[in-house]
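Only one chain is included here, represented as structure tokens and corresponding to the form predicted on its own.
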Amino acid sequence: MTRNVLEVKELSTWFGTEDGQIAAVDRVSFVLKQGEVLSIVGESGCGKSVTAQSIMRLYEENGSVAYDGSILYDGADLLDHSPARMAKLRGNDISMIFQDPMSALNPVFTIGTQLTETIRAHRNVSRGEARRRAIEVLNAVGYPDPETGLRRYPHELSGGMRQRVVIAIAIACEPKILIADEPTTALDVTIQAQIVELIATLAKDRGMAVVFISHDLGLLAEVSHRVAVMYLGQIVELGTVAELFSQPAHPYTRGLMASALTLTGPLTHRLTTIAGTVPAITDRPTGCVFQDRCAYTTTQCRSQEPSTTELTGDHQVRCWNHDQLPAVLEGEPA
């Protein structure tokens, strides 16, 4: 993991509302390296999916949506690309796995039709060659009896099998970047672990860079290289998995970890929760975005937005009091 395949710099995504232009993504910056799995975590409403869909340019810029910053891929800024050029990149260079496989798949077409059409849209191959490629990728994602599977419709498959098909479609053209937007939301815990492990294995075997979006830190801990913690449209902490789990520096990161149930050892205390909810983006507070839910808020937190502090080369945090907080997670599940 030495070469940057994607560089997101000060990205903001603005939506037009009755209250004016509102930033759902607020000056987000990160790099993604070849073969790396970068996870973005946070509660619902923190801007994770909007960040992913902004990278893919899935929001129409019709006057109600606008972008600031830059998204550098292959020496060019994706925000400068025409709609036609973005259409060629989507599914070919950069692919996305969505939360609900039933919404991502067309119910009136067979799995084979949807796979082969994706391949032929980006590759100049015959129907026979596209079918052979479809069988290859279904094999790669662990779909049993791919030749029979090509004739099935989405409603004939289980949730886990549908998600494997969606992954197969996403990797069919061998993208350099794969964005997985909470791909395990509708699955049971056993299948969740299998899907996460499958995506990590595909990334390693194919050299893909992966952006994995989730609200579950524990689910991604073993497959991620780095983790970005988002809150109300901002990245409040970013670091390697080892750094984030051993030395979490932001109160929100600590709260997410403390609220995770562990199955190892006795449960000797009440499960910790983070008080309150993520505020609406139309009600963004002045100063630190986490101030109303933080136990360590000071006058400075309420009046000044924290700058990004680099703790190490790979670990950064946005918190005025990160070096003054007490020991965390003592006696609580890690």
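Start at 1 with the first residue shown and count on from there. Being a predicted model, the structure only gives us computed values, none of them experimental.
As for the form predicted together with a small molecule, it is not shown, yet the points below apply to it.
Contact here is defined as any heavy atom lying within 4.5 Å of the small molecule in the model of the complex, and by that definition each of Ala24, Glu43 and His215 is a contact residue. In the model of the complex, the small molecule sits within 4.5 Å of a heavy atom of Ser49. Although the partner is absent here, Asp93 lies well away from the small molecule in the model of the complex, with no heavy atom inside 4.5 Å. The small molecule is not drawn, but in the model of the complex it has no heavy atom within 4.5 Å of Glu243.
Although the partner is absent here, Trp320 is not a contact residue: none of its heavy atoms lies within 4.5 angstroms of the small molecule in the model of the complex. The contact with the small molecule in the model of the complex, taken as any heavy atom within 4.5 Å, belongs to Ile281 out of Ile274, Ile281, Cys301, Leu38. Just one listed stretch, out of 305 to 313, 49 to 57, 289 to 297, 27 to 35, contacts the small molecule in the model of the complex at the 4.5 Å heavy atom level, and that stretch is 49 to 57.
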